[in-house]
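Below you'll find only one chain, the form predicted alone, shown as structure tokens.
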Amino acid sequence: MPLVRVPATTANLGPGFDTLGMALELYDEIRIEEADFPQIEVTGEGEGAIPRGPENIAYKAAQAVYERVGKTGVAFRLKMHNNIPVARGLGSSAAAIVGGLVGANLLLGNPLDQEEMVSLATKLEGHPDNVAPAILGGLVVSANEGGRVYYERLNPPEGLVAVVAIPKFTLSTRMSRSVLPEKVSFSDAVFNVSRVALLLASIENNNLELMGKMMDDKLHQPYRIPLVKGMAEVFDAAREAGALAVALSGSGPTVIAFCKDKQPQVGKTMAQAFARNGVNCVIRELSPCHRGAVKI
């Protein structure tokens, strides 16, 4: 019964909407084996809300691997222990999908290679920005072109620490996407393209200061800020406390501040800013995860 550990992920990194994602050292674990009928156990985060039938996304992912190699009608026993908060912008659904894929692939002797796994995960998730780093680890740039996923993995800058403020409420990706405009101005598009280009260059050159300056966004964050009470104030507080950059993690509501080495005051000020707006949150200091999903 393989045990697979899958990292959390943060997507977008400010301007890289649906393109950039990075794995973080916070993990879900999943055990999987073939069974006579579907059996799913869930402990930890989301244990009272995650489906325990064949509609479970980790279960669907396992089925997808088997179907890819021509094996149908197989049932599974899954034991899921979650540390990644559900529907908070830290890649919980991506982790479940990747856990199911990797576990099922292990059961079959790894017939699917890395590229096939990223492709299949993207089809199940809808976009590659979270699933790619969950599989590959590190920081991943990805694009979906004509049904094929292209990606490149980068090593996160040395000394980078992510301080996450996780509000104690959920925000669905569907809701977060519903507030985005159908069209944006040419100037806003140029703004984001230039930031993403320099952001990637700064990461490649291990330039934390420049990386921090290039994480502003005009394509999605301005429209999502009203969905999370106090978010603008949290952004300002984190920067004033010494964060290099602040962004919405994925579709939110988690706010992620990037720092050079550990800076406890950043998390404290983020929590205080949220509290002033009536929002309770949990603060975590997380390092980038250099390995994706692995058997342990």
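For clarity, every value in this text was computed on a predicted model and none was experimentally measured. Sequential numbering from 1, following the sequence displayed.
Note that the form predicted in complex with a small molecule isn't included here; everything after this is about it.
Comment: the small molecule is not present in this chain, but in the predicted complex one of 192, 173, 82, 119 has a heavy atom within 4.5 Å of it, namely 173. This chain lacks the partner; the member of 218, 77, 127, 153 within 4.5 angstroms of the small molecule in the predicted complex by a non-hydrogen atom is 127. Residues with any non-hydrogen atom within 4.5 angstroms of the small molecule in the predicted complex fall in just one of 225 to 233, 50 to 58, 257 to 265, 244 to 252: 244 to 252. The small molecule in the predicted complex is approached by residue 11, whose closest heavy atom lies within 4.5 angstroms of it. Taking non-hydrogen atoms only, residue 177 approaches the small molecule to within 4.5 angstroms in the predicted complex.
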